[in-house]
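Take a look at this one chain, the form predicted alone, written out in structure tokens.
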């Protein structure tokens, strides 16, 4: 992609309504534009990152054996009356009446709808276990939407639902989701800590939130500092193995880590004082086991091995997809702009031509651009006639992890400059070596 042909409406000044870093940088970097309170248009670069995050989630959910699907954003109120949640949910639910006076709602979550799909199609224990998920837009009518995509009214969410014959089976699904979420967040360059949480309107006794530590987090969190030393890494997990999944759950939840809603000072004080931490956290996901809370009132039953009709045990599991962009920026930025982790960066690297119009510089940039594309990589080539300082400022603001700078002076010596956005360190090398280095970083074979 050439910057001269791309839509990237970068702002030099910070909009007055932006109160936190992620909101400021997403607006300034031309990633989003507010359409109305708490509702945003996703501009091309923001949309690219959104798709990167979605792809990682899809890969990890399907690795765990979960099946993708898609449900509508508009649901019938009748289903919610069956479960007893229609009147209980509160003013966050956007209620709608269609032209035939049917009561509808804009989906805040989809437990009722997925249970209706299940009860209409599954009747035997032989069809279990079953876990389906979607990535779909939701709407919750926040009274005070703020902080950009961090607390918007319309948001993109991955929501998954498991159906199991027994509580033990359903708790294995719970553990399986915890493992897959740990893998997902680490691939995005995040450390998301599972913390004992409150179930809220979803219901159920077993629930963990995943929180990213950040000063602007909406939740106060209390934790044992040892938990921040844990990494899932590249280990392989057999998702069918109850023992392996349970072991990961115990490893990542045995140390104290709770939100302010479930914090227990007496238990926290049993942690050695030098390891007690109090901080702020951003919630980026939550997993629930809620048993038969929905299957009983909605009649989602199966015949067990003895022919008895029994309600299935369920859980739901969410990841805030659009919210994750804000969380990543809150966790990875400096005073110049965003610093994207390699796993979610909108472009793999930037190419800056210091003298557009110079035949040698233009030719070298074109060659680098073509070589990276041939490797399956996605560079952003700044071929504009802006001055060098403005080009560097834009690259720093949009946060691409690597930058190749090409200019006549370096080319006379046969070199270009490769710069790390995270460290600021630069190294001169031949253009072919810079391409090979980028290929190595992203794990692709150089030609």
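Just so it is clear, the model here is predicted, and its values are computed rather than measured. Positions refer to the first chain, counted from 1.
There is another form of the same protein, the form predicted together with another copy of the chain; it is not shown, and what comes next is about it.
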Exercise for the section: Only one of 121, 309, 254, 270 comes within 4.5 Å of another copy of the chain in the model of the complex by heavy atoms, so just point that one out. Expected result: 121
Handout entry: Residue among 104, 248, 165, 377 with a heavy atom within 4.5 Å of another copy of the chain in the model of the complex
Key = 104
Handout entry: in the model of the complex, residue 422 touching another copy of the chain (heavy atom, 4.5 Å)
Key = no
Exercise for the section: Consider residue 96 of the chain shown here, and say whether it contacts another copy of the chain in the model of the complex, taking contact as heavy atoms within 4.5 Å. Expected result: yes
Practice task
Report whether the minimum heavy atom distance between residue 68 and another copy of the chain in the model of the complex is within 4.5 Å.
Solution key: yes
Handout entry: residue 51 within 4.5 Å of another copy of the chain in the model of the complex, heavy atoms
Key = yes
Handout entry: Candidate spot 386, 405 and 429, all three touching another copy of the chain in the model of the complex (heavy atom, 4.5 Å)
Key = no
Fill in the blank from the handout: Per contact check vs another copy of the chain in the model of the complex (non-hydrogen atom within 4.5 angstroms), the hit among 270-278, 184-192, 96-104, 352-360 is 96-104
Practice task
For the heavy atom contacts within 4.5 Å of another copy of the chain in the model of the complex, list the residues of 156-183 involved, in sequence order.
Solution key: none
